[in-house]
Structures are given as C-alpha cells and as structure tokens.
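In the form predicted alone, a lone chain appears below as structure tokens.
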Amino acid sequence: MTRRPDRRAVSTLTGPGSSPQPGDANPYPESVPSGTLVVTDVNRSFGTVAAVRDVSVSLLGGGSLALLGPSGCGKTTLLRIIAGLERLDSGSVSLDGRVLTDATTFVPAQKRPVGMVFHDWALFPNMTVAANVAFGLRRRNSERVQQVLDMVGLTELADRKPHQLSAGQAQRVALARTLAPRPQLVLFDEPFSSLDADLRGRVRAQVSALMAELGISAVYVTHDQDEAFVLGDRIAVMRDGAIQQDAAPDIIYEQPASRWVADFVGGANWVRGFAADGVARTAVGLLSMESASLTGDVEVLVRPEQLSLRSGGDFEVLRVDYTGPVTTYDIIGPDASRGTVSAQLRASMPGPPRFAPGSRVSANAVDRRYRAFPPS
C-alpha cells in the first residue's frame, strides 16, 4: 500500500502570503507529488456574514486534510471554493502550481482535476451503477468503469439501480464515479454522516485506505472529531470562518492552540492550580507544565484518560458511565487553588466499573508535561 507523505504543510514552498501566478514557472520542487493544494488568504462573504475569513491552508500531494468544525463554521463553503462551485472574494487556490481561482482567474468546476463526493452521494436513481460511474467520463469507457468498480469492490453490482443498494454500497458508487475521471484531488463533504455508527466506521476506513493506496490527495469536511482524527494526516480546526489551528491530529489533541480548540476536539478537564518554576500545584498532583513562563493562578488541561482513580480520598463519584472498553466517572472534590469543594472532573479508565456513585476516591494525573492557560 502506498504510504502517505509526511504530515507537513507546503506553505513554505511558495513563501508566506504568496501563491503561484498564471504563467509562472512551477514553483514546487520536483519531489512534490501531484495533487499539491495551496489555499492562500481566501475570503468569502454572503451579505454581512463572513463565511470564510483569511483562510490559508495547504496539502502535500497524496496526503489527506480534515476540515473540522461546528456547523456553520465555513468548512463546506471553503470546500466548494476549492471545487469551483463557489467563487471567492479575495485570495487564491492553486493545484500543482496552477491557479484555479483568484482575483482574475476562475477555472470552472468541470475543468478542474478535482472530484467531489457529496454527503447525500447524489446518485442518479434512473441509472445503473455502471451508468452512474460512467457519467463523469467525457466518453463512455467500459474498461475504466470496470476498473473503478473493481477498486471499490462493486463489480457484481454494475447493473443494479441505486434503490437496490445498501447505504454503504451507494457511498462506494459515489466514490467510484468521482474516481473515474482520474482526479488529482478528491473533496468529501460529510460523506459518511448518513451511515449508522458501525457502518460509518468500516466505510470510512475503507475509503481512507483506498485513497492512500491510490496516492490521491483528499480533503474531508466533518464536524465529528473521531472522524477527523481517523481520516486526516492533518486537521484544520475552523470556527466562525477562520482556522484556529492546523496541525497533525496528535498535536491538535495534545497541544491545542486555545481553550476553545481543546474543548472542541475532546473531553477537557480544566484543573485549577498555582504555578511556579514550571510546576502547577493542583488537586490531582504536582503537574509539570509545557511552559515555565506561566506563574500564579493557572488552569491546566487534563484529558479524562490522563486521570487515575484509587479507593479512598477527597473526591466523590457522582456518576458512572460504562461503555464496554472504558468506564467514565464524574467526580467532585477539592479545588487546590481555592480550598473549596467545587472542582468537578471527568476520568476515563479501561475496563468495567470499579467504583459506584457515592464512593470516595483519590484522583491523580499521569506523569507528563501538561498544557496550561491563564484563568478564564
């Protein structure tokens, strides 16, 4: 299976704030693979609403980027601008050094080497699977149709109509239709949102593996954190039309750029403490901080899985949720920075429940370096 390129942006290839211009020589090194996307300072407003604000993001050819954010944050608008289904107000979008859209250039969607898989798949109900796949080709090519149906494992369903398919099969037909014209970049707009949880997990894993094997660049739009972490070599977290952080999934989770990002991408305990010399004194132990510059009152980000509980202590178990692989406990106990019983935390531990509501426990954070912020 083809390995994806390393998780790095390509903005350094064009320089900060710059983008290739029509007629320029290819600014990318020969080693940069096909499907390299550069979005620079893109803005798009609808009346007084700024849907996309000063967005710059890039993707190395053959890699995958997840645009993650709440509904209405601008991620689908950005995707449509890249696809050529929406015009921008300012900025530029380039693919392999060729400007697709900027202040003076607009390449129509049908002339871009870009495919798009919509959240509702948009299959033609009166056409067979094979006809749906062939629709995107300039001329009917039964050999290419057969090839892409083989890729997605649907060869035996070529003569069926969409209503005769399962949801997972229909999703793969939509992908096959998108792949048929050999795009350099494929855009996915919440393509798994209508699948049930178990099927969604299996189908997205299959799609991700296929895109990696083919070496085709992919941009996924999602509001689901788990999905973004599975699909993206990198994740760009969006809020109110702007990118809050763009990094590898582990960096997004472990080193969020802001409190908002920390809360959005996973469970977050904000443990109050008093910091000095790079260590915060808290109710869950002495915590080493990433930055020694913070002093005085701080709030330390401690993920639920970074807390360990033991019998007996100053915390009381309020609630127990058992989901099979893990048990999650809501606990309340002393706030070390204020000396009051007001700190409510969440801890996740593997296996079945060990403590019942009402139990007294101690809570300790694992030994590692933590990210801290000034008090909110």
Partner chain sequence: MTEVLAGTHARSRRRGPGVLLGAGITIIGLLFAAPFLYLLISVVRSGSVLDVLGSGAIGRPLLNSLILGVSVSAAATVLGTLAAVLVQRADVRGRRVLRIALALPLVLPSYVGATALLAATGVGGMLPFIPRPVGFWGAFAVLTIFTYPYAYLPVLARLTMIPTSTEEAARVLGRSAWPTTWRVLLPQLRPAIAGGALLVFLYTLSDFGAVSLLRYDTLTRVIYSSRLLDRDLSLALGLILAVLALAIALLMRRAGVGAAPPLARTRWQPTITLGRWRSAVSAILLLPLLIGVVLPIVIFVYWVLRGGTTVGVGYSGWGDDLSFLVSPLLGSASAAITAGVVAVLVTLPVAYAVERRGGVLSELSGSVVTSVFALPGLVVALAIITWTLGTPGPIGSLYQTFPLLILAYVLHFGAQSLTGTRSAITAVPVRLEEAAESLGVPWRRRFLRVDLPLLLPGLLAAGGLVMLSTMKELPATLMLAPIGFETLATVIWGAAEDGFFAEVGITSILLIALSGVLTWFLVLRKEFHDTQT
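Predicted model, so just to flag it, every value in this text is computed and none were measured. Residue numbers count along the first chain shown, from 1.
The following text describes the form predicted in complex with its partner chain, which does not appear among the structures shown.
For the residues Leu137, Ala268, Leu214, Val230, the 4.5 Å heavy atom test against its partner chain in the predicted bound form is passed only by Leu137. Residue in contact with its partner chain in the predicted bound form (any heavy atom within 4.5 Å), chosen from Ala283, Leu154, Val300, Val114: Val114.
For the marked spot (Phe46, Ala122 and Met127), a heavy atom within 4.5 Å of its partner chain in the predicted bound form is present in each of the three residues.
Shown alone here, Ala109 lies within 4.5 Å of its partner chain in the predicted bound form, counting heavy atoms only. Interface membership of Pro181, defined by any non-hydrogen atom within 4.5 Å of its partner chain in the predicted bound form, is confirmed. In the predicted bound form, at least one heavy atom of Glu86 sits within 4.5 Å of its partner chain. For the chain shown alone, Trp260 is not a contact residue for its partner chain in the predicted bound form, no non-hydrogen atom being within 4.5 angstroms. Only one of 221-229, 96-104, 129-137, 275-283 lies within 4.5 Å of its partner chain in the predicted bound form by heavy atoms, and it is 129-137.
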